[in-house]
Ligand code: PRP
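Okay, here we've got a single chain as structure tokens, the form predicted alone, with questions on binding and movement later.
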């Protein structure tokens, strides 16, 4: 870890764009990132001694845990699924949605009687934690990477555990939200060692963000 720079890992896409907008509002800028054609992987603000890089969401907690980044910004779903050794310091309040158990209406009966059912999800750890530790229901979890909604439609699974924003995709496919697992939004995470070594700088950023949000 380079002590003179604070390094941020941001989840690619909408999340990173929204995060940089938010940072700009509190005076943290990075002009290099605005160049849409750049092939650079690491962006630097020399004046503020900050570095930024973009990565796939699920990798952000890994970079932060191992100290390759001091600070990360990623969805809470990723933090829960990856379960890395990081501090979650701030709810950034955007990207709000819910993790839910969804399926055809008749599947709600299967959730009441502790039957052994099949659950398809991109988030096997979240699904497992919910069913095993909160509902005390034994289930078979099937990990999917693509359109999880297909699971119940083609008979692969009884229900799915997935992120729900508006619920329109579910409705179009004859599925409903049956139970809510947890609320989600973008969160800021910090490496535990950085938190000690760079506590002043990190907390001053957190404080500015908190006041601004």
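Numbering follows the first chain given and starts at 1. Keep in mind that this is a model prediction, so the values were computed, not measured.
Quick note: we don't show the form predicted together with the named molecule, though the next part is all about it.
The stretch in contact with the named molecule in the predicted complex, judged by heavy atoms within 4.5 Å, is 146-154, chosen from 146-154, 23-31, 56-64, 42-50.
Scanning 178, 164, 188, 184 against the named molecule in the predicted complex with a 4.5 Å heavy atom cut-off leaves one residue, 164. Between the options 122, 84, 76, 118, the residue in contact with the named molecule in the predicted complex by a heavy atom within 4.5 angstroms is 122. Put simply, residue 38 is far from the named molecule in the predicted complex: not one heavy atom of it is within 4.5 Å. Shown here without the named molecule, the chain has no residue in 96-117 lying with a heavy atom within 4.5 Å of that partner in the predicted complex.
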